[in-house]
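Laid out below as structure tokens are two forms of one and the same protein chain, each shown alone and named structure 1 and structure 2.
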Structure 1
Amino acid sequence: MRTTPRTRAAPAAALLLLFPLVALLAPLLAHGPSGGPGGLRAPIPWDPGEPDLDARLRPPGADHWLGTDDLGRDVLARLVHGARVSTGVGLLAAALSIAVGALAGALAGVAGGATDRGVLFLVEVVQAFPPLVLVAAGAAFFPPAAATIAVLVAATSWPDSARLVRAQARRLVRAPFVDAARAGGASATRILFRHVLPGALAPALATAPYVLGAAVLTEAGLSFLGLGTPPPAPSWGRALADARESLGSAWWCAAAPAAALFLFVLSARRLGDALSGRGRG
């Protein structure tokens, strides 16, 4: 049975949208039935950064649905609050990547000549290096922050958008309606932003899920190495790093953030494949 892009995209989009929803509802989700530490009955949320040495490495149970880590912090609380970091980094990186790539590609396609060659040279330079190496090198020179990671990821992922928009812009710049606008006295800036860029943007938007997944995975990798979001802010990558010492005796500390990363990246790539027409069948 053949499926349409819409039917292929719907399950991945629904799963992907679940993560921002969890991030928004983190304070409501991050508490157990007992209502909080210390035996209190009031339903107050768990603090994802507050240690409780009396509750170290507790397995999943009624009080802590996903258990606690080596400092007694609730794993569920750190998981849902970590979704805020991951989705924030991913969305900001995707938006910046598409904005920069689309503008550079449209400018190259419309202007041509030296501008086109200059943009293509920058694209080749950026793509000549492994993205993770560039991001890690940049992160070493800036204070660790989620916004810094998003900007660095965008700085290494815009070439794909630029190439797609440039190819589309080169076709649109010779279209009759662009010739008519040029004959009517439209400036080069108006032709770029009013007539070419809106029509050339669609292919770049299809790369957004890939950038989103790559940004989340990169942030997790940098946090795992100690170059990402600084503690005590919760992060899936930092949770995996903290779980290394107790992996043999407290598997739940690593299982939850690893599963969240897997599902996020998988749904992002599946959505990207559906939007770009890959994996048809």
Structure 2
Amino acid sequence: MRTTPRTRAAPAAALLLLFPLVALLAPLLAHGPSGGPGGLRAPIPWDPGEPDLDARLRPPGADHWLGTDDLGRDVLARLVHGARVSTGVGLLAAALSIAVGALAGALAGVAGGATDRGVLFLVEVVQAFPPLVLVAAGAAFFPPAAATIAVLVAATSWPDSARLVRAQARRLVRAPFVDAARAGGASATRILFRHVLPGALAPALATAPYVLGAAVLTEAGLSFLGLGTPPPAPSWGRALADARESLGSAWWCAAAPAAALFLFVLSARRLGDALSGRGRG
């Protein structure tokens, strides 16, 4: 007996929602003795930005559940606060990438002709483009910030969803119900937005988890090159990059953000699979 997409999507969606929730509640979940709003005691009683140079690289234990980083800051507190940056970067990048890609793809698929060729040309230019050039130039022009990184990731990843949506749109344009709508006098815009885009979106949504993950990983890669989100924002990507030299002696600094990222990607992929399961039948 196969489960329906709806029931399969529910747990994945719940898990995925957990991340923005943690991000939103981060100031309540983790703060120092004095830093909390309303004088509440936090479940994680550490300020993510408060260094303690005499407690550097402590392994996980009773005080610091996930240990401390190279400046003696609580890894768990930073993980919780880092969810704000990393889920933010990931979601923004995915949303931008899919919005731009879907729109361009659907437009190309419905309009055909010169528009189609133009979009395909753009898609090919972007895919043949060395991403590092874009990223480095972006970093030279704009201050590195979460939003910049999200835009850069979206700028390199939209062609994937554009191709998928275009293919689907081309099929749908020939479908009987679209013909009927056209015969009924619907405008091209209406056909695009009401009849084609919704049906063509599913395969693009399936790429979302990977764009989410890629965004966080790109940020980690930029941090590796020293160009990630600037301090004091405690992003997962930067934590990963900063932990590399002490990986042999302080594995927890890298393991914690990597695990968070894993769960994030996993839940997003499950949701994407469940949603696009409809398209596959």
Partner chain sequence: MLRALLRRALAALATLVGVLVVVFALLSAAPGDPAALALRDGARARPASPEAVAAFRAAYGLDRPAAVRLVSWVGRAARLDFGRSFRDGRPVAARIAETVPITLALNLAALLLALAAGVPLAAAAARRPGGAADRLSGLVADLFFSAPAFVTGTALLLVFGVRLGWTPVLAEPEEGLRGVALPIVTLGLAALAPVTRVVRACLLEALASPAALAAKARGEGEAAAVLRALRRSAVPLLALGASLVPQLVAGSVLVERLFAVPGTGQLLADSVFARDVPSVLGLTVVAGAAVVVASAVADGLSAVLDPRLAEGEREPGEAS
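A quick note: this is a predicted structure, and the numbers were derived from the prediction, not measured. If you superpose the two forms and keep the largest set of C-alpha atoms that fall within 1.5 Å, you have the rigid core. Residue 1 is the first residue of structure 1, and the numbers go on in sequence order from there.
Two forms of the same chain are shown on their own. Structure 2 is the form predicted in complex with its partner chain. Both P203 and E219 fall in a single rigid part of the chain as it moves between structures 1 and 2.
The chain behaves as two rigid parts between structures 1 and 2, and the smaller of them turns through 14 degrees against the larger.
After superposing on the rigid core, the C-alpha of G237 is displaced by 3.8 Å between structures 1 and 2.
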